[in-house]
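To begin, one chain is listed below as structure tokens, in the form predicted on its own.
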Amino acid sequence: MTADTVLLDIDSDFMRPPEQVMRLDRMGSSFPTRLSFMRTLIRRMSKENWKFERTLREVDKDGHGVSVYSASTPSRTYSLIAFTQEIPPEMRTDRVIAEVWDATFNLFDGIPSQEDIDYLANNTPKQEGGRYRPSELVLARANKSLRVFENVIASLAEGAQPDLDLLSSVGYLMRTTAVYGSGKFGCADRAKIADREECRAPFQMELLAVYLIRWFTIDSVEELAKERGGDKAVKLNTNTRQFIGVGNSTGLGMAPFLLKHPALIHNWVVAKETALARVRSIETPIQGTLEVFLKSLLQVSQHVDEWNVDDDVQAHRISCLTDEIQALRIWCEDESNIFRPYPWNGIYHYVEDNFSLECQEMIVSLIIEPHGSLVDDLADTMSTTLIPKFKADMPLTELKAIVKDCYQWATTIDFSLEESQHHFWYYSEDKLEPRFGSKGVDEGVEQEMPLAIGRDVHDLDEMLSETKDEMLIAEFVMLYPQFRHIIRRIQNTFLRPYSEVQDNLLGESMRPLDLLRFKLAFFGASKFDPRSDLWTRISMYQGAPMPEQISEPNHDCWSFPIVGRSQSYPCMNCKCQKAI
């Protein structure tokens, strides 16, 4: 099996079709699974016995200065270089227009010399305004969650553990506002590291940087508490330390990625859907897995109780999810419902028939979770090296058939209606960041980005209907060059049915938030906290093992963590057999 040829080695009756999976409302209800990229990275760290070390901490009594944290694989070392500074309250913002941050970071390829550190000290705090080299793999920045950061320091300095209610309401000490890789602002291109074993899965270096940032933030509050409290100060207890994640504020900059990399997105989705189908196709459950699932419902109930948001729509979804999980637990208490042939398929169908999309996607994650030995190999199929090709010699009749068979979702949208073309995508002039505008309200429609896949297919279909079948694509494009880009896309995606978002991305009701949550769930993000339809806050690595725990048997047991309690629910994929 290769990354670009995912074999569906299960009965197709158990595969959810693209027209069900690739709709915005379901995409916007996504949860992380054990195939998410953070989970993949943690498993690699443990399998390869990575070593972690803080190699430098030169900071003042307030924690301002420079620190270096290293992660060593069997073949090389990566180093997080962190610069911290005091910033004026009036300049504190998570928006992309910010000019200063509490902390700025580089993930350095190797072990930095003092000369490297000095060079980056003059550039990293400037972020986009700095100059970077191929030795820098990632550029990032973060701000403190002031209430939690101070509470944790003050409590530890007094010899006490922090307020768990406050900690669970936020879940992190700092949140990143940007994590850039793959050639941004002069950092190393993806090609430099693509062949490294630890970099082949998507976004592994960016997520390594975030993992080290998490360690840095936890280490920082403990050191500052020691500075303030002296001998009276204590460290975070193991459970609390493990619960703390890294926050993130994510906006529109992430959304176009999903549309510009259709083959990659297909591989992500088909891996997840194949994992689900493999589990649903099990006639006799693997010993102990149903018991693990039943106990996981208890933990998920508390996890959802700790998922606090201000957004009315998401708050309502969470409230419904709470009730639905309780209803599912009651249904599962009748053993005849689950202890029968194809139990996972039965559970899935019951949830699909009775509960919300939010609950359906949560249960997808839960029923995949106890089956690591059955599905974890799919993580190796979630990257791609495909370069889209334009096939000039394709007969026009073949293109017409593809559009008719694979793009009915686009050709049936009525784009003559004003509400069907209410929005447009464009880049801001100042920060070159994607923006989502409304026609007749926002300027920039003449600079619209080519992300209107549905509209472009619809327009192509209308032109094809007026064109003779005998023509080749080459002749057609010479007459109508404006369709070249969408024809190339169709030629490269029709064999990859999970590559397209099967909805109108310009429609009046379209929420970019759905695209963001879909992508972030594949990263492994949790506790989505929408701040509008355009951006969200999330938690990353909440519940994940700390560097000193990577080699422990339970390193992969951290799904849906809860505060103040050992992570996570019983695990069928290691020797720990943790219990609630």
Partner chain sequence: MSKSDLTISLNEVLFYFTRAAFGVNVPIGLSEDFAYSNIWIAENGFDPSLCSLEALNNLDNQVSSLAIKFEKLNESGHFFCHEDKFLSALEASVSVVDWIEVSTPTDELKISNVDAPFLVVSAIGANQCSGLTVSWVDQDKSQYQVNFIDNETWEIISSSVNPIELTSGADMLITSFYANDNIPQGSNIKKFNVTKATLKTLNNGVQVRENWQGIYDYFSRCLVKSSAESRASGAGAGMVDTD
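Residue numbers count along the first chain shown, from 1. Computed from a prediction, not measured in an experiment: that's the story for all the values here.
Same protein, other form: the form predicted in complex with its partner chain, not shown, and the subject of what follows.
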{"property": "Segment that reaches its partner chain in the model of the complex - one of 533 to 541, 547 to 555, 60 to 68, 24 to 32, heavy atoms within 4.5 Å", "result": "533 to 541"}
{"property": "Contact test in the model of the complex: Q482 vs its partner chain, heavy atoms, 4.5 Å", "result": "yes"}
{"property": "Proximity of R175 to its partner chain in the model of the complex, heavy atoms at 4.5 Å", "result": "yes"}
{"property": "Contact test in the model of the complex: V234 vs its partner chain, heavy atoms, 4.5 Å", "result": "no"}
{"property": "4.5 Å heavy atom contact, Y426 and its partner chain in the model of the complex", "result": "yes"}
{"property": "I286, A392, V309, L374 - the one with a heavy atom within 4.5 Å of its partner chain in the model of the complex", "result": "A392"}
{"property": "The unique member of G110, G346, P134, P497 whose heavy atoms fall within 4.5 Å of its partner chain in the model of the complex", "result": "P134"}
{"property": "Every residue of R200, C320 and T385 near its partner chain in the model of the complex, heavy atom within 4.5 Å", "result": "no"}
{"property": "Residues in 470 to 497 with any heavy atom within 4.5 Å of its partner chain in the model of the complex", "result": "L472, A474, V477, M478, P481, Q482, R484, H485, R488"}
